[in-house]
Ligand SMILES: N[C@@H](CCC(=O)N[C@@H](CS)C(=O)NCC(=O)O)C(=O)O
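Okay, so here's just one chain, in C-alpha cells, the form predicted on its own.
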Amino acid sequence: MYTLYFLPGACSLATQVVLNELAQPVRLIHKQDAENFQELNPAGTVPVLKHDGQVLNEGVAILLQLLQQHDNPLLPSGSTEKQRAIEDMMFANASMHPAYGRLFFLENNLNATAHKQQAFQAAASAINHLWSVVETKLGKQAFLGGDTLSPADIMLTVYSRWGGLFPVDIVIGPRTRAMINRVIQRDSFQLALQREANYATSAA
C-alpha cells in the first residue's frame, strides 16, 4: 500500500486522484501529523509518497513514477503522444502552479493595502493568460490528451480550485471549464475529496 502525505486541496490531491485512477490502495497522513516530515522532504512540501521503503518527492516525478509502474491509459505509449502528455504535465507544474503560487505568496507576505490588491490583479492576469493557453490547447477535445483523461487535466483541475481563495477574478474559458467539470465528476476525484474530508472529521 502507498502512504501519501498530504494537505487538503493541495498538489497532493492530484497524486491521490492518479492513485485512484490506477486502483492503488493508499493511506493518507496529514503533513502536520507526521512526526518526521522534514526528514521525508527537507523542502517541507507535499506530496510525499512512501512505498516499499522508498520515499518519493516532487509531484510530477511521483506521477511519472506511478504511471510507469502501473498499466494505465493516462500516459500514452506512442513516443509523440507521450512526449506531448509530459509537456502538458510540465506546463501545469512549471507554469500554472507557480502562477497560483504568487497569490499564496502575496497573501502571506503583504499587508492589506492598495498595492497588495494591484499585485493580486497582476498575478491573476498572468494566470488568466495561462488558462487562455489551455483553452486553445483543448480546441474541440474533451481533455488535453484528446478523448482520454490525461495527468495534466487532473493537475490543472486541482489548481483551478485555488482561485476562489483570493480576491481576484480568474477567467476560465468554457471548454476548459467543461474539462474541469468532467475531471471533478470522476469517481477517482470524488473519492479523493471524500477521503480528505473523512480524515479531517476523524482528526477533529
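Just so it is clear, the structure is predicted and the values come from calculations on it, not from any experiment. The first residue of the sequence shown is number 1, and the count goes up from there.
Only in words, not in the display: the form predicted together with this ligand, which the text now covers.
In terms of contact with this ligand in the predicted bound form, the residue from Lys31, His70, Arg175, Lys50 that brings a heavy atom within 4.5 Å is Lys31. For the residues Gly44, Gly139, Gly146, Pro167, the 4.5 Å heavy atom test against this ligand in the predicted bound form is passed only by Gly44. The candidate stretches are 146-154, 53-61, 131-139, 167-175, and the one lying within 4.5 Å of this ligand in the predicted bound form by heavy atoms is 53-61.
By the criterion of a heavy atom within 4.5 Å, Cys11 is counted among the residues contacting this ligand in the predicted bound form. Looking at Arg102, you'd find every heavy atom of it more than 4.5 angstroms from this ligand in the predicted bound form.
Contact annotation for His97: at least one heavy atom lies within 4.5 Å of this ligand in the predicted bound form. When contacts are defined as a non-hydrogen atom within 4.5 Å, all of Leu7, Asn93 and Trp162 contact this ligand in the predicted bound form.
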